[in-house]
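Shown here is one chain on its own, the form predicted on its own, set out as structure tokens.
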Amino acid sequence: MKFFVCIKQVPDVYAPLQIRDGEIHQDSDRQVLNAYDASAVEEALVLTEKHGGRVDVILAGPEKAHETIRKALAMGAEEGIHLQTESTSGQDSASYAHLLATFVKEKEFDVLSFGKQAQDTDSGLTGAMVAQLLDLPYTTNAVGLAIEGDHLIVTRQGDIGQEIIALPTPCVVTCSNDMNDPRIPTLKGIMGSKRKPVEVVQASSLHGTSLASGFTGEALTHTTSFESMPARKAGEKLQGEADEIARQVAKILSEKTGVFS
């Protein structure tokens, strides 16, 4: 079975950062493979090791994201495709989805997988948008994958429990980081990744091809500024016996919320 796993380079969420003048400033420029995408890569590798097939990874991002592709290749993916953009500014879920869908629409694959969201935006929209653009069956928030014949069996986490869905291939799936523990590349894998091919495609060459009526592939959302979370107000500690505290709570609810009015 042929897997295309779409990955993203994101800022290291554990690196110190500050918000100044409406912009994010990091003390270091540490960039990493999105954790949700790492789980998608791991699951694809596990399935192909068991059933046969191959795993290729696709990344849309600037030139410096090349090293993130090498991380996925060191894990075991066979080939990388870099849809090279000028920068990450001016990009959103819709523009990334358009780039990815435009590139893969003529490719042969069985499963197109994503992490369910990116650590930098937490939008969780790109996979569903690509499925819509390509008119493919899809499901989200997968916590387990299996192969039965020409179907991908997806165990997904729903709001009230787990659901099991059989997707015909080709299909799209987005993966939770609760699915597995991604492998740490070995020294042999790291050295071998340097010899694996990475195809570089300029994103500008994919612009201008609309896959949906009225959609040009341009960003539909724009970030104007960032703000720090407001400080939480100090809590109020109630003193006294249980019945006295209960009366105080009832009074507060009545005065501040009108719940007993």
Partner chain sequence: MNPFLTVIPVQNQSLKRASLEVLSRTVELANEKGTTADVLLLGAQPETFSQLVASHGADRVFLVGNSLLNQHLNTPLLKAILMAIDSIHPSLVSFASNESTKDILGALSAALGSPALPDVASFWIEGDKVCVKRPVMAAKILANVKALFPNSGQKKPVLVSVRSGSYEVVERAGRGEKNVLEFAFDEGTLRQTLREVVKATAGTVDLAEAEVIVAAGRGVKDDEGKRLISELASLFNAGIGASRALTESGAYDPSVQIGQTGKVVSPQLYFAVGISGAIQHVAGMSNSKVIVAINKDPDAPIFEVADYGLVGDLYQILPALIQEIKAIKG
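This one's a predicted model, so the numbers in the text were calculated from it and none came from an experiment. Residue numbers count along the first chain shown, from 1.
The form predicted together with its partner chain exists for this protein as well; it is not shown, and the discussion that follows is about that form.
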| item | value |
| --- | --- |
| In the predicted complex, S123 touching its partner chain (heavy atom, 4.5 Å) | yes |
| Contact flag, S87 vs its partner chain in the predicted complex, heavy atom cut 4.5 Å | no |
| Touches its partner chain in the predicted complex: H82 (any heavy atom, 4.5 Å) | no |
| is_contact(V111, its partner chain) in the predicted complex, heavy atom dist at most 4.5 Å | no |
| Residues in 112-139 close to its partner chain in the predicted complex, defined by a heavy atom within 4.5 Å, in order | K116, Q117, Q119, D120, T121, D122, S123, G124, L125, A128, M129, Q132, L133, D135, L136, P137, Y138, T139 |
